[in-house]
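Taking the form predicted on its own, here's one chain by itself in structure tokens.
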């Protein structure tokens, strides 16, 4: 370890510097140092003594920790994506909420799940997690459960949230430029002030979402769902390419497959020939709606009000349904009587 390098680190740190990207601290003695929120992207800590060091919320992406001593270190909420921790001593280290991905290398036998770390990957379970003020640009979180997740003021440039569940997520003031939000559930999400310039929200669910103050210039909203409770910026003209979900709405032939439509009031709506395959209509109101020829294959209809609905030639194969006996007798399943 170059003593001058360590001295320079200390001098710059005391002066307020927090960006030490790529620094070499091989064999350094940082025992008990407090380095919370410091940017050590790509730093080399090989063989360093980091026992009891505080790296809370530090950026340790692609950092090297081979043979480093991290016993008792505080790594809570640190970013360890692509970091190499092979042969590191992690005894008694605190890693709750630390971020990792498939490229993070751990010591043999170490379990990130038992350490309560958070994996950033497609399909990840991140509901209600605190990811605010993070740089997650380009991260693939397609199909992930991010319901109720705190993503305020996060850098999400080009991130992939395709088919992700962002129900009630908090995304205010986040950078979502070029983000892939196709078919994402943003129902009741708060995106106030977010930058969605050139983001792709094709068929995204915006029911009840707060989009006030959002930059929607060049944003692809084709087929996105909205309701009377969706809040757009003052003066924003909703394109005709969006689906307005409301009582009496005209949704003939609409593609609503896989959509989360729990509790939505579509009474009297025209849904003839609509694709509702695998949609979630739990507790929704479809009273007097026209569902003739609609595809409800595998749709969740538990608690759905279908009184007076036109179900002629409606495909209800594999649908989860609790129709009254007298109505069930009138329903056709893929063209065949129930």
Partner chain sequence: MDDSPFRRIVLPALLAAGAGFAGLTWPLASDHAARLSERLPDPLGRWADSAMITYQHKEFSIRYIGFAILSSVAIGIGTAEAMRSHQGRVQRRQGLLDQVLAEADQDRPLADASSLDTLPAPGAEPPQPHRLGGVETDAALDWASLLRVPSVSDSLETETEGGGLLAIPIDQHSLYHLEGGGQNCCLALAVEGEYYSYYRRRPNLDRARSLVQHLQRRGQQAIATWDDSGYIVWVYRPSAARHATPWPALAASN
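Residue numbers count along the first chain shown, from 1. Predicted model, so just to flag it, every value in this text is computed and none were measured.
There is another form of this protein, the form predicted together with its partner chain, and it is not shown here; the text below is about that form.
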property: Which of 287 to 295, 271 to 279, 38 to 46, 301 to 309 sits within 4.5 Å of its partner chain in the predicted bound form, heavy atom basis; result: 38 to 46
property: Distance check, residue 214 to its partner chain in the predicted bound form, heavy atom within 4.5 Å; result: no
property: Interface membership of residue 168, its partner chain in the predicted bound form, 4.5 Å heavy atom rule; result: no
property: Partner proximity in the predicted bound form: residue 158 to its partner chain, non-hydrogen atom cutoff 4.5 Å; result: yes
property: Proximity of residue 177 to its partner chain in the predicted bound form, heavy atoms at 4.5 Å; result: yes
property: Heavy atom within 4.5 Å of its partner chain in the predicted bound form - the one residue of 137, 148, 263, 143 that qualifies; result: 137
property: Heavy atom within 4.5 Å of its partner chain in the predicted bound form - the one residue of 253, 248, 107, 239 that qualifies; result: 239
property: Triplet 122, 198 and 218 all within 4.5 Å of its partner chain in the predicted bound form via a heavy atom; result: yes
